[in-house]
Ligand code: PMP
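Next up: just one chain, as structure tokens, the form predicted on its own.
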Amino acid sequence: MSSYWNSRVRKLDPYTPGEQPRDRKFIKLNTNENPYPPPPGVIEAIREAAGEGLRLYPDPSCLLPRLAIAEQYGVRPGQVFVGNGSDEVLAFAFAAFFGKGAGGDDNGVPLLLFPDISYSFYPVYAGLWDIPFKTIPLTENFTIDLSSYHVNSGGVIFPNPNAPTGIALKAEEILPVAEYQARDNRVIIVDEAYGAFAGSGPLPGKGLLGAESLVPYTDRHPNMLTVHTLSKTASLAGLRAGFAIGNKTLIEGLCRVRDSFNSYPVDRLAQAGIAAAMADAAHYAETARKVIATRERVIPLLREEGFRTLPSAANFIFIRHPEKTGAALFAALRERGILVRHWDRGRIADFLRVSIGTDAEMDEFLSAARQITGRGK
């Protein structure tokens, strides 16, 4: 703690990202990056954008990527907001829609609701913006109990599929929550970072839209915002590009926050890369299907080795072994050059989140897991 920090900074509990090692080569299965590269057209578009134009500020409205996203997702450009990664989009959304005055009520500060086991950035954002919140426990099967969100609140947010569990909900199961929250003008945000890996992959002709996406329902539910990232399906984690889709009034709220914070958050290279990625959605649909095929191959093999594996609709799996603690498994895998993600807390202390890599990488992971559990040679 520093005496130079204000009270807001002193009480923050910052998000801890997955390890990005520099000292040795690891098989990285810890940050849900796509194991396959973006297509050459995206790289070329970024290269072309890295010219004389860099002396000029980028388009603050991000019109080019918004047009490309709108075309692929079947929405209007005015329904699209583009940000510097979905994390920034989420930060703006917390500032715009939750906390004091949410729903137009300035008489109190109602509680924001999200799952107790979910994306660990949510409580960080709530702390940053002084938003009171309540976590709703997942069920014994680690699913989101949607009935618990049919209550008066300051808004709702959760991922679908959830993270780090990987379990997905049907779109029609979520819509009643949006309808209930609309009674008090509360916003529901569905974080679809991993949505394209549900089912058999992105829907044909729908960009990176997953089978259970809420995007097609945003017109009918003006209080519902979906948030997306190009870090997972689109193999562009290093570019930092994300976007939101929703009613025009929600998008305008995000723009008000952005323009009160940084009116040029998305640089020229990212804007070019996003537009090019949308133009080659077929490539990403194919890589998503490859990831899904690898995931479905690995899960039964892990179960044969005694692991409990939650049903996954994401590009990762959530696993535990009855004879090993999560900390011990994490350390043993790291010693063998394989990075996974571990949270030493509560009900998930003995679970590991394992990103889906290439088939070769997953074979090495399986071999290491067998050695650690005593079943390998």
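The first residue of the shown sequence is 1; numbering continues from there. Computed from a prediction, not measured in an experiment: that's the story for all the values here.
What follows is about the form predicted together with the named molecule, which we do not show.
*Asks:* Mind checking whether each of 15, 86 and 90 has a heavy atom within 4.5 Å of the named molecule in the predicted bound form?
*Replies:* Contact check passed for all of 15, 86 and 90.
*Asks:* Which one, 298-306, 73-81, 174-182, 223-231, holds residues whose non-hydrogen atoms are within 4.5 Å of the named molecule in the predicted bound form?
*Replies:* Contact-bearing stretch, as computed: 223-231.
*Asks:* Might residue 194 be said to contact the named molecule in the predicted bound form, defining contact as any heavy atom within 4.5 Å?
*Replies:* Heavy-atom contact with the named molecule at 4.5 Å: present for residue 194.
*Asks:* Would residue 163 sit within 4.5 Å of the named molecule in the predicted bound form, counting heavy atoms only?
*Replies:* Residue-level check for residue 163: yes, a contact with the named molecule.
*Asks:* Do residue 202 and the named molecule come within 4.5 Å of each other in the predicted bound form, heavy atoms counted?
*Replies:* Contact check for residue 202: no, nothing within 4.5 Å of the named molecule in the predicted bound form.
*Asks:* Taking any heavy atom pair closer than or equal to 4.5 Å as contact, tell me whether residue 246 reaches the named molecule in the predicted bound form.
*Replies:* Residue 246 lies outside the contact set for the named molecule.
*Asks:* Only one of 283, 240, 100, 206 comes within 4.5 Å of the named molecule in the predicted bound form by heavy atoms, so just point that one out.
*Replies:* Contact residue from the list: 240.
*Asks:* May I ask you to choose, among 133, 119, 94, 149, the residue with a heavy atom within 4.5 Å of the named molecule in the predicted bound form?
*Replies:* Looking at the other structure, the residue within range turns out to be 119.
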